[in-house]
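Here's a solo chain for you in structure tokens, the form predicted alone.
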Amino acid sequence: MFGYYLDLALRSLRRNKALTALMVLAIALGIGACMTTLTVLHVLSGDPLPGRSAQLYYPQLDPRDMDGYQPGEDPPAQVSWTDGMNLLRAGRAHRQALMTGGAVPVQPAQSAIEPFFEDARYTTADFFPMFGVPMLYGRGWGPADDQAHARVAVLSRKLNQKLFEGRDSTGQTLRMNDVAFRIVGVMDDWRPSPHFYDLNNGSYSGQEGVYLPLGTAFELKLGRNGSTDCWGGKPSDPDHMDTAPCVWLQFWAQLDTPAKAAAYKQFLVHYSQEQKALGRFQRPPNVRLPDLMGWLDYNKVVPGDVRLQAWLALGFLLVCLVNTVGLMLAKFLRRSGELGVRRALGASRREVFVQLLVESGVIGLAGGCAGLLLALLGLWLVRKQPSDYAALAHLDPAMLLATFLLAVGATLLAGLLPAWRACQVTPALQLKSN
């Protein structure tokens, strides 16, 4: 029966080509605009580490003095060197990493490549297994390298391609800031979106080119990027950041179960009380322990204009659907004579209703195909914009399926009223008038 209804729908659409084209165009415009903005929103608000994000937490402490104290205010978004090292040494998490961003001068051995600055990440050994960083060659460094302030480095695939033409460079030496580093690993393509582990350098910034042990970078006084928040009325001293009353590092902890997360939060409270007793902390214990997605929500990483555009696009789709309802109503009522004959020959109202809904679904499918092309065009235009997230605007399989589901579903919804009105025709009256 569905095949019969489908055949009737195709015949009907071919008989009224202009009206059909208008309905398909209305659906296509609405779907194209809607899926362009929804795809951007989907990409920007997605889980950067599916399967791992629920086990990753971002501990926050409040080591500041009483100047400007407001009960209940949020603690700083970063930790000081002293607190970061204390949390690392306590080892209460399954894995933990302390880090900051920077930039290093790279001095290639190849004379054909001029020295250049490369974005860097200074971190500790657990960064690689905790975040599931894929490795193309070699591995990350170990805790012993952190302790020894070893001159080791991990390169991104892109930097390895630039310096070594994509060959396995592990064991090779790379000079940075006039110091020789031994390459122990090359990362595969890895760009979590958002750039969750350090939102200070852009929520959607790209992958760093080189990764170095935090202690090594600090010892060599390598250049650092990112924000610094100090208190006590003293400016930050780049040469003594290990003792400065400043927060400038990001700390992540892997806690495998909610019970361990609760225990870790209690540990942070006890740690704050201990530091207050020692005179380092002055404020009452004020800790937070958001998980990865909670941390992204707290920082509102999705730009407000993207959310606004998505709502505007949904409104535009609604306007297109209202116009489609009017066009369908005109089309179906124009066929009252045909539908009256069908009813007189024994077709029930339900069968006529289903027949018209099948026709609506075909219109929605055609509109979805045209809307997909418009969405691809819209995403191409988004990628031309000079924003951090522009390069991420691609349609993935989930959004591709959503395009057709939204197109067909919305058109079926729009076809309910016209189909119901068309089913109310009286067969005898239609036969008499014809």
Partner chain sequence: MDILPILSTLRRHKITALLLVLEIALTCAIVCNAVFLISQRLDRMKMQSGVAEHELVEVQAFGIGKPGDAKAHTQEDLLALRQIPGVKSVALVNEVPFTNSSWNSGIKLDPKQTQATLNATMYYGENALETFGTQLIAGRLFNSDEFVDFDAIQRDEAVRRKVTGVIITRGLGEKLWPGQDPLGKPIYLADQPVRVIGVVAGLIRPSLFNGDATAQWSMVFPFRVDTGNASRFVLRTAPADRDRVLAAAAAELRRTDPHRVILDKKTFDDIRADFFQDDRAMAGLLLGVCIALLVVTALGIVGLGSFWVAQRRRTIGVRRALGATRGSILRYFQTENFLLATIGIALGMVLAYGINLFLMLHYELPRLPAYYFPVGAIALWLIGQMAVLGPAMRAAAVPPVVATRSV
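Residue numbers count along the first chain shown, from 1. Not measured: the values here are computed from a predicted model.
Unshown form predicted together with the partner chain; subsequent notes refer to it.
If you check the partner chain in the predicted bound form, you find no heavy atom from any of W231, E274 and W380 within 4.5 Å. Of the candidates D237, D242, D189, D168, D237 is the one whose heavy atoms come within 4.5 Å of the partner chain in the predicted bound form; the others do not. The contact residue chosen from T82, Q107, Q282, Q207 relative to the partner chain in the predicted bound form is Q107, the criterion being a non-hydrogen atom within 4.5 angstroms. In plain terms, the part of the chain that comes close to the partner chain in the predicted bound form, with a heavy atom within 4.5 Å, is 306-314 out of 290-298, 123-131, 209-217, 306-314. Under a 4.5 angstroms non-hydrogen atom cutoff, the partner chain in the predicted bound form lacks L413 among its neighbouring residues. Looking at L136, you'd find every heavy atom of it more than 4.5 angstroms from the partner chain in the predicted bound form. In the predicted bound form, A262 stays away from the partner chain, with no heavy atom inside 4.5 Å. The partner chain is not drawn, but in the predicted bound form it has no heavy atom within 4.5 Å of L400. Of the residues in 323-345, those that come within 4.5 Å of the partner chain in the predicted bound form through at least one heavy atom are, in sequence order, N323, V325, G326, L327, L329, A330, L333, R334.
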